[in-house]
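Here's a solo chain for you in structure tokens, the form predicted alone.
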């Protein structure tokens, strides 16, 4: 293929597929897959990967819904968005017979209510949302509870995930409710609690919540465990702690949109990611626990015993996995807009 044709394809992706080439359009979270895995897949299969990223489930969903999934072949939604997209007919069934590496997945993460029998989704990684802080600036004794975020010394010093369910989820937790609560009065109470926290919040970040911590703009905050893992590799003063009330847990999965035009290539890609060696590379790079049981068995002890990646079972028990909240998401979004706009 001539050089100008390749450039044109890249500029127009994912709207166009370069004629004569096997191409795969992958739409994933920011900082969620090492380049070496993508390169290895392309070299092994000859399938060209056009890779783009998003910073929230909401932005991913909006784009997939707008195009009915056309233009993307593999996407990585969280559990409650798998449920939502499945109900709305946005996903294509996945042929398990084409996944030779399905056997490596951890049965604990399979056949869940959000997708019975994993008809439409294959688990990729699972992780937590909890507290991170700079131990050069923050006394560990002052960072054990979600309520510590309201401390006056954190004025304009917090980073928070740019995620409606997680931010309001903290408000629900500190008021004694489930992160999956659907009661409008409870969601209002959560909103009021977070509204009182706003003077402490310096920035909401979806692309890279670790960056304000590394830049010393923020001293603490609510982040995903993988972000804390990557931050600690650069700056060992960054610590991650599971709050005493319980962390928020989630699973991100691989799905094939209904409108995907390269479903055969998408299936090959998912199966490649399920190879234990590749699942291990992903974990080492992004710091989230693989859904792949065989990959965990292959891990060096240092990685396997890292509590940022693999929380103690008691911390998992205290926490809660996110589920779909149905129509209540409209209530969440209304209060989220009020938080962001100050109206």
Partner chain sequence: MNERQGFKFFAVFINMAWFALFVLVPGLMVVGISFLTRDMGSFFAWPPTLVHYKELVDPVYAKVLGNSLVYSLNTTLLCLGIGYPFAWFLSRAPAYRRPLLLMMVIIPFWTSSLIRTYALVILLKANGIINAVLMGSGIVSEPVSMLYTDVAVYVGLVYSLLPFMILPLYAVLEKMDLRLVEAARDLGANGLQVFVHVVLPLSLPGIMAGCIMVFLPAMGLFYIPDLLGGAKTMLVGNFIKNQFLTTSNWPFGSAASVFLLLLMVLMLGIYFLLSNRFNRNQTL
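Numbering follows the first chain given and starts at 1. Predicted model only: the values in this text are computed from it and were never measured. The term rigid core refers to the maximal set of C-alpha atoms that superpose within 1.5 Å between the two forms.
We do not show the form predicted in complex with the partner chain, though everything after this point is about it.
Though the partner is left out of this view, residue 65 does reach within 4.5 Å of the partner chain in the predicted bound form, counting heavy atoms only.
Put simply, residue 100 is far from the partner chain in the predicted bound form: not one heavy atom of it is within 4.5 Å. Mapping the unseen interface onto this chain, residue 58 counts among the residues with a heavy atom inside 4.5 Å of the partner chain in the predicted bound form. Interface residue remark: residue 21 is not counted as part of the site for the partner chain in the predicted bound form, having no heavy atom within 4.5 Å. The single contact residue among 268, 109, 201, 189, judged by any heavy atom lying within 4.5 Å of the partner chain in the predicted bound form, is 201. The partner is absent here, but in the predicted bound form a heavy atom of 207, alone among 153, 207, 183, 245, sits within 4.5 Å of the partner chain.
Just one listed stretch, out of 72 to 80, 125 to 133, 216 to 224, 258 to 266, contacts the partner chain in the predicted bound form at the 4.5 Å heavy atom level, and that stretch is 216 to 224. Interface residues of 322 to 341, taken as those with a heavy atom within 4.5 Å of the partner chain in the predicted bound form (partner not displayed): 326, 327, 329, 330, 333, 336, 337, 338, 340, 341, in sequence order. Core-superposed comparison between the shown form and the other one: the Cα of residue 262 travels less than 2 Å. Comparing the forms between the shown form and the other one, the C-alpha position of residue 110 differs by less than 2 angstroms, with the core used for superposition.
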